Every structure is written in C-alpha cells, then in structure tokens.
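Before any questions on binding or motion, here is one chain by itself as structure tokens, the form predicted on its own.
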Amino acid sequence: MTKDNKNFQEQIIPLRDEIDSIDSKILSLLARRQTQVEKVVGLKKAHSIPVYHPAREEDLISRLRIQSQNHDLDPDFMEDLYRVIIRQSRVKQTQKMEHKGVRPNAKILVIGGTGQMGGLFATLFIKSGYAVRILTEQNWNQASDLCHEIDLALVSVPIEKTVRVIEKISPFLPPEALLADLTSIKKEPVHQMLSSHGGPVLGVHPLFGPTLSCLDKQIIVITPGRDKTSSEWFTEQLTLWGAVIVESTTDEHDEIMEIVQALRHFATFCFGEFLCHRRTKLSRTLEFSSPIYRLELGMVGRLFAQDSSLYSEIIFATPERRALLKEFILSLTRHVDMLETNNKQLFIDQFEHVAQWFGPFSDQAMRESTFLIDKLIERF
C-alpha cells in the first residue's frame, strides 16, 4: 500500500464510522416516529377520523422544504424523502383502519363477490368486522335467504349485466337496505336502482383496479340516488379505508368518464394496434427511447397486459361513448391535408391554440411528468 493510500484509509475510516453512526440514529428516529404513528392510528381509529389529511401533509412538506434550505440541503430531495416516509406511514395507518367498522353489526351482501372487484370489497368489509354474504349465479337460488335483514346490497358484476341483476335482486331486499353498485357507468344503473328499490340508493365507482393492497388515496366517485343520510355510513367507511371521495351527478360522471376512460383507453388501443400492424420492433425502439417515450409505451403495454373483455365493456358501454369515439376518429382526418401539403405553419398555429387552451395545466403537467421521468431514470 502506498503512503497516499495509507493516509487515505486512515482519514476515511473515522468519517465512514461517523456516517454509519448517523445512519443508525436515523433508523432509530424512524422507529420512534413509527411508534408515534401507531398512537395516532389508535386515536383516529377510536374517533373514526380519516387517515388522509391533505392539509396536514402539505403543511409538513412546506415546512421541511424551508428547513432544508436553512440547513443547506436540497428542498426537492427532502420533499421526495419525506413523501416516501409519509406514504409508508399513511399505508400502515390505512391497513390498521381496515379493521375499524363504522357500522360493525351491519350485514353486507356482495353480489358478484367472487369477482375481482367484488372480492376486494368483500375482503375489506370482512377485515372491518362486517358479516359478509356472497351471491353469485351459482347460488342465486339462495338470494331470498341471503338478503334477509341485510343493511347493504353491493352489486359488482360486468357492466352489461348490472341493470338486469339490479332488477332481479331488488324484490328480495329489505325496504330500508342500502342498494349500491360498483359499475363504471352510473346513469342507467342508478336509474334502475331507483326504479326497482324503494329504499336508499347510492352509485359508487372505484377509479382503480382490483389488485390493490389498500385504498390509500384512491379515488371513489359517488353519485347519490335516494336518502343520502342513510348511505353516509358507507361513504364514511370508504374514507376510513383511505379512499378520496368525489361526489357527482350521474350525468356529470358519465360525461367525464367518456373522456377519462373510454377515449383514453380507445386512443391507447389505437396506438398499440397501429404499432402491431406496422410490426414495430418494440425491443429495438426501447433502445432508442427517451424516458418519456418509455413511459408512454409502458402505458400502452399496460393496457394490453389486462383483460380485453373488461376494456371492451368500458369502451363500448353506451351509445354516447361510441359516438364520442367516432368523433375522435373523424377529428384525426382533419389533419391529413396538413400533412399532404407540408403545412408547418398550420401545425404551429393549431399547436399554439391548443397550448393556450391547456393554460396553466401545461406547467403542472411538465412538473408532474418530469417527476415521473426522474423516478423512471432512477429505476432503469
């Protein structure tokens, strides 16, 4: 070993030892923080307070960003670090809350409870101490007995079967039972529930897939139908499970979902189908890909990794959705002349017009997509 190397080793060892000591202290502090979190969980659980407190979280992040600058630390790094810590804390709180029932003596019937989404909700109810019954096509002959004295009938079946199932189950329901559905369209199912059942009615649309381990910060749209007061316990239970509740009318919900679900999924399908038709070499394109293209292609691949029948139901669910998608296809043909005439100025003019329409959201989109790209770079 040279003299310089020996000096280096002698000098770096105590520095590394100090770093190791600091790391141990950080772990000890995180453990102490988790202990306090457990106490918060107990208090929230006792008083049925929701886990997610957005104002509290953002105040904490803002304060830490200021403090990090005072200590000559990167505020963005500090925010990233604490959002991971907060997320982990929130997930643990949410999992604990799964064992808290707002109305623990209630009897729940999940129609379609052996399906993925129905099974997810059945599991959540069971964890929260509810008596859960499952009704499927296989045991429909027991429908009358299974509906006896239930407090909630939750319909979770494919879109095309929902209205018929609501119609079939309603005669068996107690008059005071809450009838709700989990369908991604709301106008027709809620109308059918109101027509078939004289008691409380609530439309529910979870904006997530059934593979989640918890509902932390997942959005659930509710569309009140009748007797909103009698359904508040169910909405409160969703909140305790960590969900963010967005209230809407059936008309507004379906109109927005035409864009958020049907158009987005169909446009993604068209892009993927075009790549397939062109026999594009995906592995080779990824070698040339910027992170944003990898992210975009990842979203396309994600669609085709899932259930085709599920997406066909979503895309073809209503005449209004199909009309919107035809309008979208026709809108693409408007740009053919631009390409044939090599009209760059027309492209620029239309680009600027759309950019002005997007307004401040473009800056927000830039920040959010940059964050995702940075995370993708870290992984790959």
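Rigid core here is just the name for the largest C-alpha set that superposes within 1.5 Å across the two forms. The shown structure was predicted, so the numbers you read here are calculated from the model rather than taken from an experiment. Note that residue numbering begins at 1 and tracks the sequence as displayed.
Here the subject shifts to the form predicted together with another copy of the chain, a form of this protein not shown in this document.
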Any chance F271 has a heavy atom within 4.5 Å of another copy of the chain in the predicted complex?
yes
Would you please decide whether E247 lies within 4.5 angstroms of another copy of the chain in the predicted complex, comparing each non-hydrogen atom pair?
yes
Even though the partner isn't displayed, in the predicted complex is Q306 close enough to another copy of the chain, meaning a heavy atom within 4.5 Å?
yes
Since only the chain is shown here, I'm wondering whether P175 would be in contact with another copy of the chain in the predicted complex (any heavy atom pair within 4.5 Å).
no
Taking 4.5 angstroms as the heavy atom distance cut-off, pick the stretch from 139-147, 255-263, 123-131, 228-236 that is near another copy of the chain in the predicted complex.
255-263
Within 4.5 Å of another copy of the chain in the predicted complex, heavy atoms considered, which of P158, P171, G298, P104?
G298
Only counting heavy atoms and a 4.5 Å limit, does any residue of 20-42 reach another copy of the chain in the predicted complex, and if so which ones?
D20, I22, D23, S24, K25, I26, L27, S28, L29, L30, A31, R32, R33, Q34, Q36, V37, K39, V40
Once the core is superposed between the shown form and the other one, does D76 show a C-alpha displacement of at least 2 Å?
yes
After the core is overlaid between the shown form and the other one, has the C-alpha of I314 moved by 2 angstroms or more?
no
Comparing between the shown form and the other one on the rigid core: C-alpha of V354 shifted by 2 Å or more?
no
